[in-house]
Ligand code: HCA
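As a starting point, one isolated chain is supplied in structure tokens, in the form predicted on its own.
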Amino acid sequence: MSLRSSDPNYYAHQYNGTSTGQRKIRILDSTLREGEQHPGVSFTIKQRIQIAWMLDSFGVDQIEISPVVSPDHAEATKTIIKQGLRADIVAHTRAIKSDVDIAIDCGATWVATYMGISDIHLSAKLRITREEAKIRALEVVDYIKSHGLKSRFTMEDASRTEPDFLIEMCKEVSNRGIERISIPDTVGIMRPQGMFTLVKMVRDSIDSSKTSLDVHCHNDVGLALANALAGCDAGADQIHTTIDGFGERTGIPSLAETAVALMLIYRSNNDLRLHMLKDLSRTISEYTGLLTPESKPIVGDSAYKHKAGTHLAAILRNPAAYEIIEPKTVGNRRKIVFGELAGKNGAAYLLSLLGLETGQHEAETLAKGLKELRLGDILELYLDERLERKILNDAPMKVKPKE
């Protein structure tokens, strides 16, 4: 069997211009920092430690937490750092020396400091001039590097910052040895082409062999992941996520959607345990009391739910007709829905499961009856391995012709 016929996504990969073995795009998960900025979300120390363990097991590259928020956050940061996890634990602070001291006291080896550098942030939040902002930022950068720490500097509100000033700031911190610079779309104002242009401008202005770029994109109009991926197309190599996309206002890219996009669509060389995605989402939902929307991509209960008659007929023959990745790969389950949209093939399958005749007359009669009931969805079934075997053995995808 040729590659083209064995991979239903073959032509999509051709259009996307991706091939096996693409460069690795890293993931920083900020559930323990950005996620806790979501209204109503607050974790206990034990929950933070558990989340960190799960994220590390899943395979993210960095885990961000802010020890300066409260003594509980500092204690959690200290404990997580002591766990010896594979992922870097990044202590998030303001561009203030006293914040950096707290990170150092926690045993941090990575510090991420940030400063709003757009004119509106400088005037409305910090109330300082561009020159004062530059002086303050560089003093903190020098302080961080004097302590031998690895660091990321976040140019907050970069997408609304005057380009020359943004480039100047990025050059200055890069020249002082900062390992990573984060380019955020803080209010979600960018479109993908704009994010590409922004990141490429920064990348072309610094020594990318010394300083790498992150993208931190907000989802105010639903473009966070698209913008983040566009930023990576332009040269960034790390995306910030949270589990289920929680965060300030409408949040940032979801870990599940980002991970699957990177491994399936971008073919990034990540070592991620995708089967944990549903459990990660379920855990966060339990800890926060916020339900995962049914329509949430990858981890939602409807992500692999098939209802329309033509969809059911195809799914019962080959799930790849309407699924780009198997549900068990991401820890989810396939579900089929019977109701007024089931059609005669769906009706025949339901009759088969019930051990009844699956002739054309019976299937058409049941399909008609389901429509006339006008009750919408009547029955949902998980299509587990046992039922999948039954499909292969009985093949009730085609109604039997009338005798």
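Note that residue numbering follows the sequence shown and begins at 1. Everything numeric here is computed off the predicted structure, so don't read it as measured data.
If you look for the form predicted together with 3-hydroxy-3-carboxy-adipic acid, you will not find it shown, but the lines that follow are about it.
Next item on the list: Consider the chain as shown here, without its partner, and state which of S281, T242, T154, S151 has a heavy atom within 4.5 Å of 3-hydroxy-3-carboxy-adipic acid in the predicted bound form.
Entry: Comparing distances to 3-hydroxy-3-carboxy-adipic acid in the predicted bound form, the residue within 4.5 Å is T154.
Within 4.5 Å, heavy atoms only, which of N219, S118, N332, S182 is in contact with 3-hydroxy-3-carboxy-adipic acid in the predicted bound form? Checking each option against 3-hydroxy-3-carboxy-adipic acid in the predicted bound form, the one that comes within 4.5 Å is S182.
Q: Can you work out whether 3-hydroxy-3-carboxy-adipic acid is within 4.5 angstroms of a heavy atom in all three of E34, Q37 and T186 in the predicted bound form?
A: Every residue of the candidate spot has a heavy atom within 4.5 Å of 3-hydroxy-3-carboxy-adipic acid in the predicted bound form.
Name the stretch: of 160-168, 224-232, 210-218, 272-280, exactly one has residues whose heavy atoms fall within 4.5 Å of 3-hydroxy-3-carboxy-adipic acid in the predicted bound form. Looking at the other structure, the answer is 210-218.
**Study point:** H73: touches 3-hydroxy-3-carboxy-adipic acid in the predicted bound form, heavy atom cutoff 4.5 angstroms
**Key:** Heavy-atom contact with 3-hydroxy-3-carboxy-adipic acid at 4.5 Å: absent for H73.
With a 4.5 Å heavy atom cut-off, would you call Y114 a contact of 3-hydroxy-3-carboxy-adipic acid in the predicted bound form? Contact check for Y114: yes, within 4.5 Å of 3-hydroxy-3-carboxy-adipic acid in the predicted bound form.
What residues, if any, in 80-107 have a non-hydrogen atom within 4.5 angstroms of 3-hydroxy-3-carboxy-adipic acid in the predicted bound form? Going through 80-107 in order - heavy atoms within 4.5 Å of 3-hydroxy-3-carboxy-adipic acid in the predicted bound form - there is one hit, H92.
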